[in-house]
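Quick setup: one chain, the form predicted on its own, written in C-alpha cells, and binding and motion questions come after.
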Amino acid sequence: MLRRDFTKLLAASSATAALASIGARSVSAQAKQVWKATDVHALGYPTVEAVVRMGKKMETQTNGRYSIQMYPAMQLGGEKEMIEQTQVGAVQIARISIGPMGGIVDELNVFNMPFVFRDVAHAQKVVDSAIGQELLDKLSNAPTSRLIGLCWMDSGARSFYNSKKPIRTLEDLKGLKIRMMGNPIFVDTANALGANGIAMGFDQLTAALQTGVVDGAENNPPSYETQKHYQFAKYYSISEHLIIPEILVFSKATWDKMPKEDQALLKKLAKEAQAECRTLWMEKEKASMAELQKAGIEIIKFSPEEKKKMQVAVKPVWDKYGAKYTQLVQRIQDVK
C-alpha cells in the first residue's frame, strides 16, 4: 500500500471513530433524561405517590431513557413558584391546585366556583368526561400557558377549620380570618359566607396559623392532617363548600423536544396515574380522619339545612363570576 493511501485510510478511520464517539454521546444524552417533579405535599401523599409510580413506569417502558426525580414538600417553593419553574422548563412536572391555574386559562375557573359539583363522585365523573379533556386541551393549547395538561388528580372536598370555635352554622363564620388560595373567587366566597377571606400561599399558612395572622383556613382532611394544621386549629367543620380537582402539568419547553411516541406514552401513563391517585386518595382520606379523631380534634358536620343556607349566601359570587360559564355549568350539571 502506498504511503498516501495508508494516510487516507488512517484519516478515514479516525473520522469514523470520531463520528461514532459523537453519536454515542448523543445517544447517551438522549438515553437518560431525569425530569424534575414537584408537589407541595410530602412523600406518601396520594398525588405525590401517583407521580412517583408514573415515573417508575415511564423509566421501565422507555428502557431508562426517562426517569422522574420527585421534589416533595415545597422543596422548590409554593405553587406560584412551581408554575413559573415548569413554564420555563426548570421543572418538568408539577401537581397544581386548580385555584391558581384559573389565572392562566379562565375556563378552568368554572371548577373553582362554590358548590359547582353536587359531591365528590359528581366531580370525578365530570373530570373523566369530555369536559375534563376539553379543559386539559385548553390549557395545553393556550399560547401563553407554556404548560401541557396531563391529567386530573383527586383532592376531595374542602371544609373549614379554625382555632377559635366550632363552626356549626353559617353565622359562626362571621368575622373569622380565613386563609384562602390566591384566587379572587375563593376570597369572595369566604367573604360571602361572612368570613374575612385572606389570600395566602399554602407555604405561608402554618406560620400564619401559629402567629394568629389567620384564625383558620379550609382544605381537605389529608392536607389538614398531614400539614399538622390541627395542632393550631382544632375545630374542623365539614362544609364541603369547594370541590376542586387538581391538575398535573408538564413543561411545554420539554414536551416540544420529545418524540411523538414518547408524548403519547406519557399521556397514557398520566391517565393511569389519575386512576391510581383516586384509589390512594380514598385510602388516605379515611386514614386522615382516623388520625384526627385520635388526636381529639372536634369534627363538626354541617346539616343539609346549613349547607343550603351557604349555597344561597354565595349567590353574589355566582352573579359576579358565573355568567360567562353558564353553558359549561349546565353541561357539568347534566353529568349524572
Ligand code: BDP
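The structure displayed is predicted, hence computed values, not measured ones. Numbers for residues come from their place in the sequence shown, where the first is 1.
There is another form of this protein, the form predicted together with the ligand, and it is not shown here; the text below is about that form.
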E225: touches the ligand in the predicted complex, heavy atom cutoff 4.5 angstroms
no
Counting only non-hydrogen atoms and a 4.5 angstroms cut-off, does Y230 reach the ligand in the predicted complex?
no
Give a yes/no on whether R65 approaches the ligand to within 4.5 Å in the predicted complex, heavy atoms considered.
no
Interface membership of K36, the ligand in the predicted complex, 4.5 Å heavy atom rule
no
At 4.5 Å between heavy atoms, only one of the stretches 262-270, 212-220, 117-125, 138-146 reaches the ligand in the predicted complex; which one is it?
212-220
Interface check vs the ligand in the predicted complex: of M310, V40, M54, L280, the one with a heavy atom inside 4.5 Å is V40
Of V110, M181, L242, L176, which one comes within 4.5 Å of the ligand in the predicted complex, counting heavy atoms only?
M181
Which residues in 197-212 have a heavy atom within 4.5 Å of the ligand in the predicted complex?
F202
